[in-house]
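Let's start with one chain on its own, the form predicted on its own, as C-alpha cells.
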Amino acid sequence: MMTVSDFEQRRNDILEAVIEVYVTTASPVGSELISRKLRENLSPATIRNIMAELEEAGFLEQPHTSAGRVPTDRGYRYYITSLMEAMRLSAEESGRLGEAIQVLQQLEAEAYFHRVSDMLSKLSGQAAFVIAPTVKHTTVRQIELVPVGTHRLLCVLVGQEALVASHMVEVHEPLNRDEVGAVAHFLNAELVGLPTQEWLSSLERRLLAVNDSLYYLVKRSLYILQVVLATEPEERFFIEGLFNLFAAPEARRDPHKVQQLFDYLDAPDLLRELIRQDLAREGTRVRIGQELGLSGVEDWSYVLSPFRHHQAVVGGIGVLGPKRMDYRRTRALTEHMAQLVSLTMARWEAGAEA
C-alpha cells in the first residue's frame, strides 16, 4: 500500500519531469512522454491522474483542451525551492571560465563588464546582465582635468577596481591651462582618498573657511564636481544577448512580449529597481513570471547573483530569459561568474596598490 510520503514523492517526480521536458521542448507535456522519461511502472493513465491533481493544486496548467500540461509560476517556484538539486560546474568548465576571466582583467571596468555579460549570455543561451558600481561608490585614486577650449574641460575620475568616469563640464568663467592645472592639483591634494560621497561637503566646508587667495579655487572645484557627480549614474547596467530573447519560442509566438520587456529594461526605475532591491538581500535570487510584478512580462524570469568587494555587495550578475529556462544550470553559472567577478575586483585593487 502506497504511503502519503510515497505518493508525494511520485507527485514531485512527475512535476520535476514535466518541467525538465518543457524546458527542452517548449511544448505542452503529455503523460505518455512522462511515462517514458520516468521509466517506472506507472501507466500513462496513472500519470494523467497525478498531473490532473498537480493542476488542481496550481502547479501545472493545461493551455488547451486535450493538450498536455505546462508548469505554472507556482510550479516553477516549488521546483526551485523544494526539488531542484544544486549543480556545480565541471572542473573543466570552471577552469576555462577562470582562465577567460583572468584575460579580461586587463581591460578597463566598462569593457570588462560588457565582455563578462557576453560570456554569460553565450553560456546560458539567454540574455545576461551586470549591474556594476561606478566611481560614486569607490575611492578615487586620481582626478584629471583636460581643457577643451576656454569654457569647457574634461574631468576624468580614476577609481579603485579599474573604474573610470569621464564628463565634459561647461564652465561660466574662462579657464586657461595654468588655472586648470591649479584646480586639478588642488582636487588631488584635497580629495584623493576620500569617499566620493564626502567630496561636496568637504569642499563646502573649505569654502566657508578659506581666505581670499583660495576662495575662487575652491569655488571652481566645487562647481566642477557638482556637475560631474550629478551626471555620474549610481550604477552602470550592461546587458548582452538580447537577440537570444527573440529566438525563444515564447517570443516567436508573440514578439510584442519582447518589446514590453525591452521597455522595462530602458526604464531604470522599474525592472532595474527590482534588481537593486534583490541585491540588497542575501544570496542568489530568482524572479519567475508574475513575481517580477510588471504587467506584460509574465513569460520572463531572471536569476541574479551578487558579487562582493570587502565582503560588501557592490553589484550583481544575472541571466534574463523565458521562465522556461534551465534554472539548475543557470543558477550554477551565475553564482560561479559572480565569484569570479568578486575575485577580479580584489585583484584590480591589489594591482592599483602595487
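Residue indices: 1-based, along the sequence shown. Quick caveat: nothing in here was measured; it's all calculated off a predicted structure.
Omitted here: the form predicted in complex with the DNA. The next part is about that form.
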Notebook entry, point to check: Do Val29 and the DNA share at least one heavy atom pair within 4.5 Å in the predicted complex?
Noted result: yes
Margin query: I'd like to know whether Asn41 contacts the DNA in the predicted complex, with contact meaning heavy atoms within 4.5 angstroms.
Written below: yes
Margin query: Quick check on Ala312: any heavy atom within 4.5 Å of the DNA in the predicted complex?
Written below: no
Checklist line | 4.5 Å heavy atom contact, Ser66 to the DNA in the predicted complex | finding: yes
Checklist line | Stretch from 30 to 38, 316 to 324, 281 to 289, 298 to 306 whose residues place a heavy atom within 4.5 Å of the DNA in the predicted complex | finding: 30 to 38
Next item on the list: Can you tell me which bits of 91 to 128 touch the DNA in the predicted complex, meaning any heavy atom within 4.5 Å?
Entry: none
